[in-house]
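The data below hold one chain only, encoded as structure tokens and taken in the form predicted on its own.
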């Protein structure tokens, strides 16, 4: 924290930054402004990430002015304050500054720091006779809609989604059971009204005629489109077992699922809960339900270690000990065979019979065994892969249908090593939606000028980034892809997440493809930028002592001893 002198609506601080450096400058008693120096110029912005309030001075700054949040990967352009990457919901406010002698003077007041800066609305209010239809009112569809207006699309924007509420922050569903549509809405209705975004909530799509460019809804109504965004999200996998339809056997995808689960739990003073699966949703909700002894939680999995496919054996083993230390019981190397009705109420589940012959008492069951693309309504279609996903090019565009784009859980997109991947992460949904909104805006503007020329799209180069909150601590992860080696910096002997700090590097043939961390910020954010730029050290270099926080992330005209230049 830098000391500062205030004089009216201005604050001054020593002119002591070098390129690539930043500092928080105090404004009044309880607020800060962030001062940044890049490319020999000073920039001043609000000091907290607009997602969840992380201190941005602890983030990652590139030499061209990209600032990445240390917590969840949100990224901003410090020169304009505009959002570069999700999950930020508002732009940073920017403030003018000037150099006077040995001081930098920032024009800022406490009042100016209070209100967030909304996304800009660019383009003309005079609408063209073109329409962008977005299928899905989840995070990918919502992000595409607001991005269209941010980047100046002048046609109609129509969002069709089966969920009967405004688009929500779905990450909250596995981190809390006290949710309402109002509490976790991404935006208020006024936001969409102001931007002339038409929301058709609670409506399902029946089919798409790609030749005629027509979407048909379940009620028989149709909607023509000039551009189509397919972003219906995922459908949770269910178990085809005896008793699977008993009451209190749940899955989690929607707010309705979340509310139903909460209602089932509160019907018992201390319910016996059985979770099937050790993926992210099961582990997160296990920690929520077992916290403070509210429920007796047993997690059943056919594997031996939770999250092993993603995080590896050692990290998974630590997470298992961490959960066990908080009262959760694991039954490994077996799965459910039958859901058995309760003797008190035959309509409800009472226990789970496992493949190994063991019976586990269950007042409530959560089936959390993954999800698949929600594209059954598109079958049969040559666009669909065997897993229900849709392959797109680097612009998130279907090659055979250039007016069709795909966002979120359904998109199978190319990554840097020429693999196509499908990633079910919140940030990927938001970032693919944002990029699609930009590219459709580019296409519409180019077509208006000269329809014979191909538009100059922006390729999707974001590194997948996600986080998981368990027992009040966040495990962060960036990257993707198979790995054949894991190298861990940190001590995993503790049973407590608050006492443990690690960075895990996942490599394939010596190339680092992903990084996970706990209490080690901003390692994951630094990796995400290095991976985007193709500058991450090899695993051999990291093993030899190379600290990725010291790796240059851009040239600068002066270094001043700053290792990040």
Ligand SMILES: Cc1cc2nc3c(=O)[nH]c(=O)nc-3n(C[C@H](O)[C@H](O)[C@H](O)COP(=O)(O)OP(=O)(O)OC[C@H]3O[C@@H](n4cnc5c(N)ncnc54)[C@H](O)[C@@H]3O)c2cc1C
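Residue numbers count along the first chain shown, from 1. Just so it is clear, the structure is predicted and the values come from calculations on it, not from any experiment.
Beyond what is shown, the protein has a form predicted together with the ligand; the following relates to that form.
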**Message:** Exactly one residue in 425, 93, 187, 462 has a non-hydrogen atom within 4.5 Å of the ligand in the model of the complex; which is it?
**Reply:** 425
**Complete:** Interface check vs the ligand in the model of the complex: of 369, 305, 295, 160, the one with a heavy atom inside 4.5 Å is 160
**Request:** Name the stretch, out of 199-207, 103-111, 296-304, 117-125, where some heavy atom lies within 4.5 Å of the ligand in the model of the complex.
**Result:** 199-207
**Prompt:** residue 435: heavy atom within 4.5 Å of the ligand in the model of the complex?
**Reply:** no
**Message:** Contact with the ligand in the model of the complex for residue 141, defined as at least one heavy atom pair within 4.5 Å: yes or no?
**Reply:** yes
**Prompt:** Taking the shortest heavy atom distance, is residue 78 within 4.5 Å of the ligand in the model of the complex?
**Reply:** no
**Item:** 4.5 Å heavy atom contact, residue 409 and the ligand in the model of the complex
**Value:** yes
**Prompt:** Considering only 48-69, what residues come within 4.5 Å of the ligand in the model of the complex, judged by heavy atoms?
**Reply:** none
